[in-house]
Ligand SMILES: Nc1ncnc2c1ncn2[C@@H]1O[C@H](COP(=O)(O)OP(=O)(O)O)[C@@H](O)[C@H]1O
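Take a look at this single chain, the form predicted on its own, given in structure tokens.
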């Protein structure tokens, strides 16, 4: 399906752009460098030992004692030729790990390994401290219930309404009754800044590209997963809508302490949302660290990869 005309998308997505209210005249515009400072401040907050005050965001946990929610340990995988070689990284509770790299480097393969749609030839994959590579199919399905997946094109069912799309995983994997399902659908749509009364009975073809992406996020969140996985969530979106989706991923981290793995080519969005960035090249992770560390690196490949950013 094609996106709605730009006029419709602009009127909706502009209205729901990630702002805290009307912008007053002469209000300074936040620049990318400001976002980097905000992300650095969040990481500094995570590293403090002070007690969390009542009402503070659940993502403000002590990094030094936080659990590893995701871990890849020396993972290698090949089909006709090697895809990944000796790949390792971890994600702490509430972190957003961005996997970046050139096309064909195996970024989306990492998501399939986390979902246990693929099993590595060597190495191990852990979800919530459970090693998943040897699980049977029913146990693998249980692990997947801890994860929500947002696909590159949102992957909504074209013949189902927005309500039916979001309700689908709830009907398949929970014992919620219809009233509880409707309440959950409304809750998730509101979280992604969509009006339930307006969009629930619409078909995906009635929505703009940005709205479809947000419905995809709402469906991924439906089961209240501990982990969210995103495959190119901002691909094909205009800059304003890209900012909206980026803001939404940050919102999930800060308000719900969701651990996320985001595969993206969009380095600007990556720098805004990432707790850490893993750069894949030549089948390996050649860098794993904060956006600030990546920006400060003198490594020639990283400098070339960042280009003019």
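What you see is a predicted model; the values in this text were computed from it and never measured. Positions refer to the first chain, counted from 1.
Keep in mind that the form predicted in complex with this ligand is not shown, yet the notes after this line are about it.
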Taking the shortest heavy atom distance, is residue 83 within 4.5 Å of this ligand in the model of the complex? yes
With the partner left out of view, is residue 104 within 4.5 angstroms of this ligand in the model of the complex by any non-hydrogen atom? yes
Heavy atoms within 4.5 Å of this ligand in the model of the complex: does residue 79 have any? yes
Report yes if any heavy atom of residue 109 sits within 4.5 Å of a heavy atom of this ligand in the model of the complex; otherwise report no. yes
Which of 95-103, 220-228, 182-190, 205-213 lines the interface with this ligand in the model of the complex (heavy atom within 4.5 Å): 95-103
